[in-house]
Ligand code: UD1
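This document starts with one chain, in the form predicted on its own, laid out as structure tokens.
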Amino acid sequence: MNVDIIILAAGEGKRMQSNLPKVLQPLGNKPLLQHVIDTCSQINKSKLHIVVGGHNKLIQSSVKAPRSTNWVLQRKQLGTGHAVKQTLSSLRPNSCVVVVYGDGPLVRIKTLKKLISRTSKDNLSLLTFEASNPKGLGRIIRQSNSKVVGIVEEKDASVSERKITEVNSGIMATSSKNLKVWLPQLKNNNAAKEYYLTDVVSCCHNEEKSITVINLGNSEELLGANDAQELQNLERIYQKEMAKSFIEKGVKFADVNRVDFRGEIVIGKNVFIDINVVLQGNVSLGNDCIISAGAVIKDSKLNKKVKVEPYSVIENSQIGDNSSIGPFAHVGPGAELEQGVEVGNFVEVKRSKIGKKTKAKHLAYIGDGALEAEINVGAGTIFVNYDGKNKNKTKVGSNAFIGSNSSLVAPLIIGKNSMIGAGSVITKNVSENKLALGRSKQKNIKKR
């Protein structure tokens, strides 16, 4: 069965007090709408119809959607029913139509699949939930036999109806045939003077067709965001849910309330993540890694058994097995560390490749370097890679020893098994098995 999914994303979101439209507000460093698109795109035989308003160009350029997506412009904001009506000519014959909201990022794929499975050609299916504070939400109206007969928006609800705690999530499913009959019947004789999509429930009831309700209880996955506080609430729910999903795969956390996932994150087994860690962008952590407190990892891949010490930053880099980073280290962008590399306290590495078991344990800057295996980089060493116009490379052969407080002025080649004396400024290439000294002669002058 074909599934047409309508994502309503035309709202301005004025209560967000932001220059961005509501559906582009970030959740886990990704627009709310992108979360919904990613979830809905997993449904077989689906086609997305995204209804946008005044920010249509900005929204389209800010998210990634399947090529087959049908972008629909709602020129005037006349309500949810009017928004869905704009898609009617694009819906496939006899398809199942699912309506979701661009500011509802937590809905799960299994929930949508369950809703679709309960939807036939003649019925209407709804997702509802129980709200301890239902303020602002549409109430589900049932007869004495618990049969659903309609939904009333809070602005139009009576005092008794406002006491109802079962509320509408806004997510529903029915056939395209039904929508093409019901939507033209909608009226705007309500307090907001809008065409409510929720009125199709009454249309379905009046035709004596069945209404299936899936009540998710007090589940948080159907929550949306209308203002900054609600968005903050969604963020904390999202982060905790992400942590729980990783726990199920064998990841251990010091505190699930103090870790942030801000992108597409893959984590292996038996990984430990301490407090206040931020994983951002495309991040992959291999098995048995230890990520210590305050670490920030962006767009990087860490292989097995990597230890990241506290308050280190890794970005756009690849870290080999059994390597250690930090504390207070900065690796990347553009760093590639092979197996067993040690990058220690206050060491910065940029655009450099570092070979197996090479060590830079203290206070060093390695920029535009190509270091082979088992090199020791002493404290205070600087790869002087910038001449005022260009970035230049320094190549260091295996088993070389770079003495403390050395400056290696690129472009430069240092041969295998060579040694650089502490405090040297090296401006010329050093061949293999040589000791290079670049110091001025010491003078001891009597004090006056």
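One-based numbering along the sequence shown. These numbers were taken from a predicted model, which means no experiment stands behind them.
Missing here is the form predicted together with this ligand; even so, the following discussion is about that form.
ask   = Does this ligand come within 4.5 Å of a heavy atom in each of 377, 419 and 421 in the predicted bound form?
value = Answer is no for this spot.
query = Within 4.5 Å of this ligand in the predicted bound form, heavy atoms considered, which of 279, 83, 179, 306?
reply = Going through each option in turn, the one that passes is 83.
ask   = 112, 243, 137, 373: which sits within 4.5 Å of this ligand in the predicted bound form by any heavy atom?
value = Flagged contact: 137.
query = Using a 4.5 Å heavy atom cut-off, which stretch among 309-317, 166-174, 288-296, 335-343 contacts this ligand in the predicted bound form?
reply = Contact criterion met by 166-174 only.
Partner contact for residue 322 in the predicted bound form: this ligand, 4.5 angstroms, heavy atom = Although this ligand is absent here, residue 322 would stay clear of it in the predicted bound form, with no heavy atoms inside 4.5 Å.
ask   = Does residue 79 reach this ligand in the predicted bound form, with heavy atoms at most 4.5 Å apart?
value = Residue 79: yes, in contact with this ligand in the predicted bound form.
inquiry  = I'd like to know if residue 352 sits close to this ligand in the predicted bound form, meaning any non-hydrogen atom pair within 4.5 angstroms.
reply    = Although this ligand is absent here, residue 352 would stay clear of it in the predicted bound form, with no heavy atoms inside 4.5 Å.
Proximity of residue 261 to this ligand in the predicted bound form, heavy atoms at 4.5 Å = Outside the cut-off, so no.
query = Are there residues in 3-31 with a heavy atom within 4.5 Å of this ligand in the predicted bound form, and which are they, in order?
reply = The stretch touches the partner through 8, 9, 10, 11, 15, 22, 23.
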